[in-house]
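One chain follows as C-alpha cells, the form predicted on its own.
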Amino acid sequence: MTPRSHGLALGIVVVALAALALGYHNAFVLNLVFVGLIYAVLGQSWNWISGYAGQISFGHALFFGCGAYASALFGVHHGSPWLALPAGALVAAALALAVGFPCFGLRGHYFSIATIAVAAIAEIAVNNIGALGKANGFEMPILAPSLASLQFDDKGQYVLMALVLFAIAQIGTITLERSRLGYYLRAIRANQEAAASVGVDARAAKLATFAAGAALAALAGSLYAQQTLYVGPEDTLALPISIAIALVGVVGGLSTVWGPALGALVYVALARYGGAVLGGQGHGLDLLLYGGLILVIVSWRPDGLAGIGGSIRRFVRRRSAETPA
C-alpha cells in the first residue's frame, strides 16, 4: 500500500471508532475497544524494533510499566497526569538506551533472553519497593472528571484518547517505512554485516528505534493507568504481558503498518472478549481458541494476517489485469 492508501485507511478507522466512542454507551464494548487500541499501540511500538530491525524482545512490558507507574506516582504526589505522559516516555526511552546499548551486541535468541532477564529483574525490584506499593500495587486518587485530570465518566472519552495515540503510532510507522532509518533497519534485519559494510551504524539505528518504541509504549501505559486507576506489577510488568504484546505483532504481521492493529483485533476478540464470555464456564475455551489460531497463522502464514491481506490484494490486481477490456 502507498502512504496515501495507508492515510485513507487510517482516516476511515479513526472516524469510525470516534463515531462509536461518541454515539455508543455500552461500557463493556467501549472498554474492549480501548484495550484493543492500547494493544495495537503496544504491538506497533514492539514492531518497530522486533519487526523492522529483527531484534525480538520479550521484555516490552517494562516500558509499558514505566508509563503506568509514572502516571500513578504523579497522580498520587502531584495530581497532574499530563506531567506523567512526557515523564514516563523520557524514563522509558532512557531505560531503553541503557538496556539496548549492551544488549544490542547480542544476536538472535541471546538478545531475547537478555530482554526477559532485564524485565524480570525490574518486576522483582518493583515487588520489593515500598514506595511503589510492592506486590499489591496502589490505587490512584479519583479526581473530578475533566480533560485536565484525564479522568472521565464516559468510557468513550478514554477511547478517543487511545485513538489519538493509535493515530500517532500509525503515522509514525508510515513515516518509518519510507524514511532512511526504515531502510537502514530492513538492511540490518537482512544482513547486519552487509549493512555495516556500506556505512550503516547498526547500533545507533537500533538504539534510536528502541528508544522511540519504548516512549510510545510508556504513553500507552500512562493512558491505561488513567483508565483503570490502579497500577500493580502483575498488571503492567509481568512476562505474560510482554508475550501478549509480541503475539499481537506476530499474529498481525511483522514489519507491516497494519499488522499490529489486526493482531490486537484478534487478541481482543478471542482472548479478552472470549475470556469475559466463556472464561467463567468455558474452562479455558477462549485460550484454546486463541492459541489454536496462533498456531494456524504461524504454521500457514508466517507473515501474519497482514500477509494474507497482501496476497488477496495481489490476487485481485492480477485477476483484474488478466480480464479483457
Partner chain sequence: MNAAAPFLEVRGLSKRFGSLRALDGINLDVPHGGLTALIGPNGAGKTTAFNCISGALRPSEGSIRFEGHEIAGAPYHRVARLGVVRTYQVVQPFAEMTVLDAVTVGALLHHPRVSEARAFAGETIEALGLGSKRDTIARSLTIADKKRLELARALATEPQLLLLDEVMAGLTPTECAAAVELLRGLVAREITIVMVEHVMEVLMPLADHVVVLATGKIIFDGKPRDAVNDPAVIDAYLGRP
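Values in this document were obtained by computation on a predicted structure and should not be read as measured data. Positions refer to the first chain, counted from 1.
Below, we refer to the form predicted together with the partner chain, which is not included among the displayed structures.
Novice: Name the single residue among 90, 171, 194, 83 that comes within 4.5 Å of the partner chain in the predicted complex, judging by heavy atoms.
Specialist: Contact with the partner chain in the predicted complex is made by 194 alone.
Novice: Since exactly one of 144, 147, 131, 198 fits, which has a heavy atom within 4.5 Å of the partner chain in the predicted complex?
Specialist: Comparing distances to the partner chain in the predicted complex, the residue within 4.5 Å is 198.
Novice: May I ask you to state whether residue 74 is within 4.5 Å of the partner chain in the predicted complex, using heavy atom distances?
Specialist: Residue 74 lies outside the contact set for the partner chain.
Novice: Even though the partner isn't displayed, in the predicted complex is residue 187 close enough to the partner chain, meaning a heavy atom within 4.5 Å?
Specialist: Answer yes; at least one heavy atom of residue 187 falls within 4.5 Å of the partner chain in the predicted complex.
Novice: Taking the partner chain in the predicted complex, which residues of 227 to 251 have any heavy atom within 4.5 Å of it?
Specialist: Heavy-atom contacts to the partner chain in the predicted complex: nothing from 227 to 251.
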